[in-house]
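First comes one chain, alone, set out as structure tokens in the form predicted alone.
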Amino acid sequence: MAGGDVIGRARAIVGPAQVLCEPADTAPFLADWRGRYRGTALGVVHPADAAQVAAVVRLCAETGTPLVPQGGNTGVVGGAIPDASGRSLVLCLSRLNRVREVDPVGDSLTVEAGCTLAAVQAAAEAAGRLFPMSLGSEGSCQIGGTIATNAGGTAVLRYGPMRDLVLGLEVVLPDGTLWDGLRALRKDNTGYALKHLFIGAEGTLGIVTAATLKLFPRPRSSATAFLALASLEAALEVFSRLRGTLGDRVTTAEILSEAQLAAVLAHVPGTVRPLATPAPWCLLAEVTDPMAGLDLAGALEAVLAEGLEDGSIADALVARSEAQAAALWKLRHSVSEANRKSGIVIGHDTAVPTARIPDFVVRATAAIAAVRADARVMAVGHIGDGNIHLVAILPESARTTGKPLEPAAQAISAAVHRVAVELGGTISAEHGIGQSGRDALAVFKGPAEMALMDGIKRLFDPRGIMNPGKVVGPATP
């Protein structure tokens, strides 16, 4: 079927104003926010509800039109960007933004996929509960996207990634069937756990249109600290002490290299260096508890005092107000903005066993230098779960040398991935595979795993129309 006919039928489903085709209108949906991935499309379709999503998917299944689902377009691996063929429809889910139900007794809420993460957090807070997922992009990323990528964020240490926060899903399958799996049950042992096939699948097996999510008691006591550390080994020692003393109250443990902190201070207005003591590494730690009136700051200070005394901590600051804690968190949440302003970003989403983090950073940094001596290396990540984002920054002048950048970026990433896998780690912990990790996935996954994933893809999507060219399966059919 001709592209014009597909567009005409899509307009009949969602309304003429909800199908964008003019280049000026579609441009924001055809490139990722970092500008690394760009594509073209027949048009951008904005359905209003799950029934319209299902009708658009049936249209695509009937006509063999590739379909690329998109949430807030905040990803970093190109998973929501179409290819250059111009044959795809981009399905934007932002109009599916209703909070359908909040159940504070059952500690759950049901929301549509286009709700922003911040809106979900607010709905939980209004009910006196907590939805713990927290990301720097929470004001714009959408819940469907966080499910599709199995997002992690800064609270994984205590609450787990998105996979651990989903109770049930509503999904449009590749033939347009609407599967209603919106169950709020904590226990359901009736056959295969189908929801887990769609969490982290990046829209390649179906399109999440709604989700039932777990809620938790709201923290009523908290304390936040910022530490200066001489080494990653010291950071692991301090983290181990925190967990040994405060247990699951340790909600967050975020590591930043001095180079990363300096980039934030240089490029993000309103950020201030918390400690005067220079140190190669900084640790942002937060402890919380649902009981009110606990002196968590005092408990935190007692643990830190041991480290200050034995020298594992060079300096420390415990926030004395919510405003001071927010200022510390601004440093962590501004990393992506700062890196984008620092040069050409080649980011990574590796994870290794926690005890091997120091080895990984040393070896991977040396591997990057061997590929590009002009690369600046920054590190930030979640030290408690081993997910360290090692970021190579190339100077902007590299764009004008006449040599293509992509081979250098691929060589850097291959070197970093190789080190992570050699240390028993993974090439992707929370960002997904998308376009950027697709080739690496085939290299570092075993043939048995790849065959299983390919088989699942063919079973669900035999025509290969669902987000083609991402994760597994052929490119645009």
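All residue numbers refer to positions in the sequence shown, first residue = 1. Small disclaimer: the values here were computed from a predicted structure and weren't measured.
A second form of this protein, the form predicted in complex with another copy of the chain, is not displayed here; the remarks below concern that form.
Only one segment in the set 270-278, 284-292, 359-367, 87-95 has any non-hydrogen atom within 4.5 angstroms of another copy of the chain in the predicted bound form, and it is 284-292.
Within 4.5 Å of another copy of the chain in the predicted bound form, a heavy atom is found for none of Pro23, Arg100 and Glu138. Contact annotation: of the candidates Asp439, Glu422, Glu62, Glu449, the single residue with a non-hydrogen atom within 4.5 angstroms of another copy of the chain in the predicted bound form is Glu449. In terms of contact with another copy of the chain in the predicted bound form, the residue from His196, Arg399, Arg320, Lys341 that brings a heavy atom within 4.5 Å is His196.
At least one heavy atom of Thr354 is located within 4.5 Å of another copy of the chain in the predicted bound form. Within this chain, Thr149 lines the site of another copy of the chain in the predicted bound form, having a heavy atom no more than 4.5 Å away. In the predicted bound form, no heavy atom of Asp83 sits within 4.5 Å of another copy of the chain.
Taking non-hydrogen atoms only, His348 never approaches another copy of the chain to within 4.5 angstroms in the predicted bound form. Taking another copy of the chain as positioned in the predicted bound form, the residues of 448-477 that bring a heavy atom within 4.5 Å of it are, in sequence order, Ala448, Glu449, Leu452, Met453, Gly455, Ile456, Lys457, Leu459, Phe460, Val471, Val472.
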